[in-house]
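Okay, here we've got a single chain as structure tokens, the form predicted alone, with questions on binding and movement later.
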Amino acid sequence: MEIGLIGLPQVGKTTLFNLLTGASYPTGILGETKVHTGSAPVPDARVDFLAALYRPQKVTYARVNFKDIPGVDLRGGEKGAAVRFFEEVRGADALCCVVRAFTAAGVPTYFDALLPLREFQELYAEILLADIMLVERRLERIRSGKKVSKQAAAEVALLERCLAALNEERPLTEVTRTPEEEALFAGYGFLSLKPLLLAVNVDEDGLKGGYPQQEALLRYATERGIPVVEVAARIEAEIAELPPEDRVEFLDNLGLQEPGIARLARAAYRALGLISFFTVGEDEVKAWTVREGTVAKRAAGKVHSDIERGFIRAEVFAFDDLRQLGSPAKLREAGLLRLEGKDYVVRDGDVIHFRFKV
């Protein structure tokens, strides 16, 4: 899974990227043009519990890739100024808009005040505009051809519906499509089709007492089905440098039960319809990411193609049952260890041992 981080200048986007990935890129550079990429393990208390129980040689968390593009400065008045930056995240699975709700000495705000709602509205408008420009270019290319095929005519009809929606400031997720039209969409990488997250970068005062436009921002996002994650990137970055035994206490003092990467990843998982299942043993405890609705045989293929090809059955139990009873032996005694076939739909938190023969 890859998440593209986008935002206006001076919102703490690269600070958040560094926090998430453990990188140390310089921050606060106006006019930055470099794109940063990095990967981060997804903290998961279930993996920690399983690792403590099985004591494996190796523990592997699920991972999320992040791409941090330069801050988008819209003050030049140029139409589509953000598009060239957004091209960098067309391949991402989801977008995360970072807006500023913190004060910092010597770091001017974009609008001469903290206006996170306005920041998000500006970014949202640019996302729609980027798709408008893409649709218009494609329509012009098709119409300039000498002969429009039946398939091209169908594509034109679809794109015209898309353009109408975008001009009404509606994302392409609201455009109804047939399965055939869905196939036409596959190669475009439309930004407004991607799940969108909103990360509000706050300071300590914002965490404890709120921030400007908070109620309006949350309402605006809720009306559009956009999940909001409030993260104090600078403070959490400082906490991340502490010894592990001290981090929990400092997060708790801020009213945070878990670090920002965990909250952001969970929001992304929900937005993308992803779940985690686990494999366990003395060699390794590992979290695997699949889409909701994945059947056991397909999930086996995530572990290894040979397991999918030679799938016999899956031994399955729920993590929550294990946590409650404390051991696999007690699960067996309680009849909670199940044998499932290839068409079993994997659930979030399943612990699975695949039986196979090749």
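A residue's number is simply how far along the shown sequence it sits, counting from 1. Remember, predicted model here, so these are calculated numbers, not experimental data.
In what follows, reference is made to the form predicted in complex with a small molecule, a form of this protein that is not presented.
Asks: The small molecule in the model of the complex: within 4.5 Å of a heavy atom of each of Thr15, Ala104 and Arg234?
Replies: Checked in the model of the complex: all three residues contact the small molecule.
Asks: Counting any heavy atom within 4.5 Å as contact, can you tell me which stretch out of 208 to 216, 104 to 112, 265 to 273, 82 to 90 lines the small molecule in the model of the complex?
Replies: Flagged stretch: 104 to 112.
Asks: Would you check, heavy atoms only and a 4.5 Å threshold, whether Ile3 touches the small molecule in the model of the complex?
Replies: The answer is no: Ile3 has no heavy atom within 4.5 Å of the small molecule.
Asks: Can you tell me if Leu20 lies within 4.5 angstroms of the small molecule in the model of the complex, counting non-hydrogen atoms only?
Replies: No.
Asks: I'd like to know whether Gly28 contacts the small molecule in the model of the complex, with contact meaning heavy atoms within 4.5 angstroms.
Replies: It does: once the small molecule is placed as it appears in the model of the complex, Gly28 has a heavy atom within 4.5 Å of it.
Asks: Is Val346 one of the residues lying within 4.5 Å of the small molecule in the model of the complex, judged by heavy atom distances?
Replies: No, Val346 stays farther than 4.5 Å from the small molecule in the model of the complex.
Asks: Work out which of Val202, Val285, Leu196, Cys162 lies within 4.5 Å of the small molecule in the model of the complex, going by heavy atoms.
Replies: So the residue touching the small molecule in the model of the complex, by this definition, is Val202.
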